Structures are given as structure tokens and as C-alpha cells.
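Read the single chain below, which is given as C-alpha cells and is the form predicted on its own.
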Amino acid sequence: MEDERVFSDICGGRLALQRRHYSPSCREFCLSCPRLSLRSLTAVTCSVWLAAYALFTLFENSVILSAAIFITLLGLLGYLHFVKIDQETLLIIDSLGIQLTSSYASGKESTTFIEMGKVKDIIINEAIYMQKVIYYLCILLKDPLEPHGISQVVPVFQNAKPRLDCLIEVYRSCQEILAHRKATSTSP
């Protein structure tokens, strides 16, 4: 079963949350950010090239124009490959673990897998960000040395920064799977 809902991020931008329920013990959440705006890309490129052309007319040196074109292209490729994330995905399977995937605008993907045995809980935490209190979903990992301790906090959907209403939907679904896991592991 799959459905999609529209939410907003902390700045008011549009986010699309796709929920896929594969089974009672397996769910996937894909949070899609808006694509790169052609208008803003054109504005930045034109601004850099106009500044380079102004410097060219002032100094009459063609190296300035070549450098501006080269720097703009390298900057755009670097931004698309290392910065601009189009989609963040959380896949939770109660018998295996949690997989976090970030898909960049260039097509590159970054994946992290956390074994379910290491997961202590999934919570919604709050933080201060740019003079605002924001909420974020995070995975608490068990401390191997101390049974009641937490060794690490892994934030989820770091780039998209969804608002609380979106996080509550993902949180409730994840808690259902964690509760299902606890129920099946404690029954004989």
C-alpha cells in the first residue's frame, strides 16, 4: 500500500512524504524536497557571468571570462553532487534494521544501515535552530557497555527538516513496528 501527502519544512517549503507499507513489520518513508529551480540557477549563473564581463571590460583580460565560466560549472557540479539532496528515505524492517538513504540531485546515493539489535528507540527531539525551536526525528542507539545507556543519536531527515506534523506520522509508524518487534520477541 502506498500513499503520498504534502507537508512543509521549517521554512515553509513544500515536502512530499510517500509512505509504503510492505507488511506489518516493514515500512518505507520517502521525503522528497523540491527540485533545483531553473530560475534561481539562471539568476546565479547570469550574475556571475555579468560580473565577470564587467571585470573583462575593465581589465580587457579574457582569462577572467574563462575563469568565471570554469568556476561556475565546477560550482554547479559540486553543488549537485555533494550538497543538493532531492530525497531522503527511511526503511524500517523489524527483523533486520533501519536503512537511511539520501539521494543527491546528481544521482549519487548515500546509504546507512543500522542493525535492529543496536536500536534502543526512535524519538522526536527538539533543538534550537536559527532562533527557532525545531523538531527532528532521531534514532537512539544502545550503548554496548551500559544496558540502559545511549551510545549515539542518529538524526533522520537532516536535509529536509520537516515540521512536527510530518515527523509525528513517521514516528507513530516506526513505533508500531518497534512495538510489533517487542511483542514478537517476548512471545514464546
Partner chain sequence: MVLKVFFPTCCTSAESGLLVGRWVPEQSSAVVLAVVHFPFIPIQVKELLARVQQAGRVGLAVLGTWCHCRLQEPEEGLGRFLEGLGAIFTHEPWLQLCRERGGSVWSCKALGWPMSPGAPSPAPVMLIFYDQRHVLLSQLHTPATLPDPQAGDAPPSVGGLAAVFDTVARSELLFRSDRFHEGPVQLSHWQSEGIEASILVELAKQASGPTCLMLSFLLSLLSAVGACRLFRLWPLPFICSKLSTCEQARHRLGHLTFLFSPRKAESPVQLMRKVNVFFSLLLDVALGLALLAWLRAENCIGQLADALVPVADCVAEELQHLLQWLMGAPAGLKMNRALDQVLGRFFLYHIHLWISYIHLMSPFVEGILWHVGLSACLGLTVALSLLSDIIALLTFHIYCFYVYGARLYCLKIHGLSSLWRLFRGKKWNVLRQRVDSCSYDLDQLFIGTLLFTILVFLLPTIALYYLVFTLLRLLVVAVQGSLHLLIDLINSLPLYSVGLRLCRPYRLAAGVKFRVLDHEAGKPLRLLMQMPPEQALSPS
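Numbering follows the first chain given and starts at 1. Nothing here was measured: the structure is a model prediction, and the numbers come from that model.
The following text describes the form predicted in complex with its partner chain, which does not appear among the structures shown.
Discussion item. Is S25 part of the interface with its partner chain in the predicted complex - any heavy atom within 4.5 Å?
Written reply: S25: yes, in contact with its partner chain in the predicted complex.
Discussion item. When the contact criterion is heavy atoms within 4.5 Å, does Q99 count as touching its partner chain in the predicted complex?
Written reply: Q99: yes, in contact with its partner chain in the predicted complex.
Worksheet item: Any chance Y79 has a heavy atom within 4.5 Å of its partner chain in the predicted complex?
Response: No, Y79 stays farther than 4.5 Å from its partner chain in the predicted complex.
Worksheet item: With the cut-off set at 4.5 Å between non-hydrogen atoms, does I93 touch its partner chain in the predicted complex?
Response: Within the cut-off, so yes.
Discussion item. Each of K108, E115 and K118 within 4.5 Å of its partner chain in the predicted complex, by any heavy atom, yes or no?
Written reply: Yes: each residue has a heavy atom within 4.5 Å of the partner.
Discussion item. For the stretch 40-70, I need every residue with any heavy atom inside 4.5 Å of its partner chain in the predicted complex, listed N to C.
Written reply: None of them.
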